[in-house]
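One chain is shown next in structure tokens, namely the form predicted alone.
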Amino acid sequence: MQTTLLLDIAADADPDLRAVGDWTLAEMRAQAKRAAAAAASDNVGQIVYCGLNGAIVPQLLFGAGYAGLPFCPLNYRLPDEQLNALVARTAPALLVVADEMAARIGVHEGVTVMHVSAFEAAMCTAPEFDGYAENDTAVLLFTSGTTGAPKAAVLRHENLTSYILNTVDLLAAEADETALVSVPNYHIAGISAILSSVYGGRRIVYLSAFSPEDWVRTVDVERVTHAMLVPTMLDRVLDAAANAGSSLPSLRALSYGGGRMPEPVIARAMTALPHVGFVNAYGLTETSSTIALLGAEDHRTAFAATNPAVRRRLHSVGKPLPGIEIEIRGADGKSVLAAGESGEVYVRGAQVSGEYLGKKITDDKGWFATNDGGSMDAEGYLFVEGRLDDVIVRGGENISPGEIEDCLRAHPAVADCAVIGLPCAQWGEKIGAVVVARGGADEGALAAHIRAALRSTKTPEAWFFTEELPYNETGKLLRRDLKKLYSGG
């Protein structure tokens, strides 16, 4: 099933329903078919986009689908050299680039560059593309490259449509529902937001670039009901809302994902916005978005709980979605671990791609190794402990940075923190803590706090204080940058 069929089904069922901004579903489909006609060429192997969020993104996504071409949005935040390296890898391609970014793009063999304004002009005179051109690949997304060079993840139509059909009911949204999309268009959450909103009948409003003040203002002006943030954004949004004197009254559901959510931040959000249902969504590019979800009711139950085991679920990513199987496996990659035991998260399901260009990385039974460490409790709640690449090996003991970070964040003097492994002649690696302090954070007091809550072998031996931590635009901590910076310290 092609992703364009999701738009066709919705547009046939309710053509006058608003889809993106003031465009109806019928108008959205017509624009996408004109985009397909303007882009289709024997010399084009995929449609590439480099620019901010806006209505051009769903036009190109669906237009590429009608034309039988993959859609490949690029990370425009990369330095010019890295961005152009990705552009070169997309050939043969049509690159549609935001006018203000065009000067950054060099000349690349096999890549035709069109400014957005020129492409939109071509669309105005293009007929609507007639019919479908079949192609298995719907979207190519370059991974963030936090642990190496970006890889091109292949998302096929069947992966994306499986995710939507298992999680979204056709045109089930209420008439006034509006989704604010502020995550980057080159992130899987930006792609899935388009597909789920169009099929579910929820109007999309774009925020071209995130700032907490603009986010709050847009929610209030557009009466946004649904939105998604990464954890690093939420605290800033709460500050901006408080400064603006807004309680975000229209907001009903706020999902978050892409990184660890500190308990003090989600607790603050649930206290400040009691009318909002919070959802923790865990997924990867290679799984076509969300594979596990901690829903609003689970949040409320855990937040109100006095039972530590139930309260702990605020740190979980919930339970697997319909159609998804999750296992926790040991170091051999085969043995399935019991409830409560930590290992690697494996996932299987029709939405799981587990594929990069030229390389399929699922096993012969369809299981994808996520490279995320985690565990599941007896009730089936999944706890993600972080990337296995980040595990600190101290004297032969595997130590998860996430456990220590959660403990540190519970200290009132800690605003944010990161735990990293540093070279050590005696133990192989030692534990380092990089702390953003709220006030007079004392190294000794923080070490005592960790020692009392965990144990001495998990107490950091090196301490660093900084004003902010490096995150990428999708909320992932750039731990590699910290290790590079402090390895000589």
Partner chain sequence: MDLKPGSRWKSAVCSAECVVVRPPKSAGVLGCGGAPVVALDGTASGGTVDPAFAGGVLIGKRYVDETSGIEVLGTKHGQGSLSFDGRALALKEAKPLPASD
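Positions refer to the first chain, counted from 1. None of the values given here were measured: they were computed from a predicted structure.
Only in words, not in the display: the form predicted in complex with the partner chain, which the text now covers.
Of the candidate stretches 238-246, 75-83, 164-172, 304-312, only 164-172 has residues with heavy atoms within 4.5 Å of the partner chain in the model of the complex. For the chain shown alone, residue 157 is not a contact residue for the partner chain in the model of the complex, no non-hydrogen atom being within 4.5 angstroms. Of the heavy atoms in residue 392, none are within 4.5 Å of the partner chain in the model of the complex. When contacts are judged by a 4.5 Å heavy atom cut-off, residue 206 does not count as touching the partner chain in the model of the complex. Proximity of residue 485 to the partner chain in the model of the complex: non-hydrogen atoms within 4.5 Å are absent; the residue sits far from the partner. Proximity to the partner chain in the model of the complex, taken as a non-hydrogen atom within 4.5 angstroms, holds for one residue of 332, 109, 134, 364, which is 134. This chain lacks the partner; the member of 232, 316, 192, 90 within 4.5 angstroms of the partner chain in the model of the complex by a non-hydrogen atom is 192.
Contacts between 1-23 and the partner chain, taken as any heavy atom within 4.5 Å in the model of the complex, involve 1, 5, 8, 9, 12, 13.
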